[in-house]
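Just the one chain here, laid out as structure tokens, in the form predicted alone.
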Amino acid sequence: MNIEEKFATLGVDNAPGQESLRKDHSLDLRGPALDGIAVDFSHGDVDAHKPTPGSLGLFTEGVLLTGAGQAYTPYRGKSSILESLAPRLSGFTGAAIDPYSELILTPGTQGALFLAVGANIMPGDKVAIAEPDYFANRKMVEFFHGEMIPIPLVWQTQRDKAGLDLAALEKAFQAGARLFLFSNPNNPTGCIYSADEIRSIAALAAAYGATLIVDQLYCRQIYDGRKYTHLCAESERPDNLITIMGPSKTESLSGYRLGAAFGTAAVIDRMEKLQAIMALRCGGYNQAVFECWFNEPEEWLAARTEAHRQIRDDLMAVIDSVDGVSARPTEGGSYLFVTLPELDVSLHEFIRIARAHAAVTVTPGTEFGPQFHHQFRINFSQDHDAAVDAMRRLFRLMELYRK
């Protein structure tokens, strides 16, 4: 593989916020354009769902009052913030976290994921990944020249579990995979791993000496009273484990690029060394905003979750009303992975048509695995009414292209 081939696998056209940059001039446009408020479902809308109260004041204080002491922190993060954050993360997850050796602040959870993957893959290493799962996982494995072993997630018909093929995971470990990477809640489907699944994953990784990287970005936004199991708090777990979290989508703080990773000290040490040559540190002034994470006003998170549940339910009502369209109701986070019927245009062309002709942007399922060419993902953290209307427009347009 040459340098051009390596970077060709890192296509960005369908990444959140990128679709709107594309201009199409030769689309098969049928019928009149469908008018309505433009909705970009490829990412959440922080205007519709405001950032955590007090976050801007903390940022400003870091700039104006702390100054250089906040701008140039140690690579892992400012000591006082690490000391303050570690017990809050411990209290939430149930895992003991040493702030000095087991925690690092990163430029977003994306930065944490890059550091964790880069700290655990050598060229030729076999890496198990859930599929479908976060679109960047496979790209990072490819970038670091790992050999991917996809583990199917049979999510469509499951309830109360994610549907990971645990037998396939064990076969991957038997075949030499020493790393398993997955998100919980799953991105893009929004399903949550059951306690039994989490314990099985932990036990298998421990038995085969594998490392686990668990992306828990959406674990604070859980619906319908469902139980969430933190793998990092399990009594039986592998020696090498990294958990990734951050105040981002749920808190509408993604613009600050705040992430945190905690776990095995030796892996955190490698991540620090990689961060030192990649980004130096999580944005210095931005680190002050960590102080509002898990310190939100009383009932704020419950209200935020309830607002998103209502959007989810109304979007599911639209989906359920259309013949041949389906989705599993989201259990955590703000994603729906929608399955379409057969169309007489390709998925990618239909998505471009939807953006141009209905002002609706979605992410193609192929970003989450090459076989998902009848699915698209939406982030429903949007204005409630605009989101529902956008989905109705999208399916009205779809009827013009149904086989």
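All of these numbers come straight from a predicted model, not from anything done at the bench. Numbering starts at 1 and follows the sequence shown.
The same protein also has a form predicted together with a further copy of the same chain, omitted here; what follows describes it.
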**Request:** State the residue from 146, 238, 107, 163 whose non-hydrogen atoms include one within 4.5 Å of a further copy of the same chain in the predicted complex.
**Result:** 107
**Item:** Residue (of 95, 301, 274, 322) lying close to a further copy of the same chain in the predicted complex, criterion heavy atoms within 4.5 Å
**Value:** 274
**Asked** Within 4.5 Å of a further copy of the same chain in the predicted complex: all of 8, 111 and 135, by heavy atom?
**Response** yes
**Request:** Quick one: find which of 70-78, 146-154, 304-312, 188-196 has residues within 4.5 Å of a further copy of the same chain in the predicted complex by heavy atom distance.
**Result:** 70-78
**Request:** Report whether the minimum heavy atom distance between residue 51 and a further copy of the same chain in the predicted complex is within 4.5 Å.
**Result:** yes
**Item:** Contact flag, residue 233 vs a further copy of the same chain in the predicted complex, heavy atom cut 4.5 Å
**Value:** no
**Message:** How about residue 220 - does it come within 4.5 Å of a further copy of the same chain in the predicted complex, if we only consider non-hydrogen atoms?
**Reply:** no
**Request:** Examine residue 290 and determine whether its closest non-hydrogen atom to a further copy of the same chain in the predicted complex is within 4.5 angstroms.
**Result:** no
**Request:** Pull the contact list for 107-134: residues with a heavy atom within 4.5 Å of a further copy of the same chain in the predicted complex, in sequence order.
**Result:** 107, 110, 111, 114, 118, 119, 120, 121, 122, 123, 134
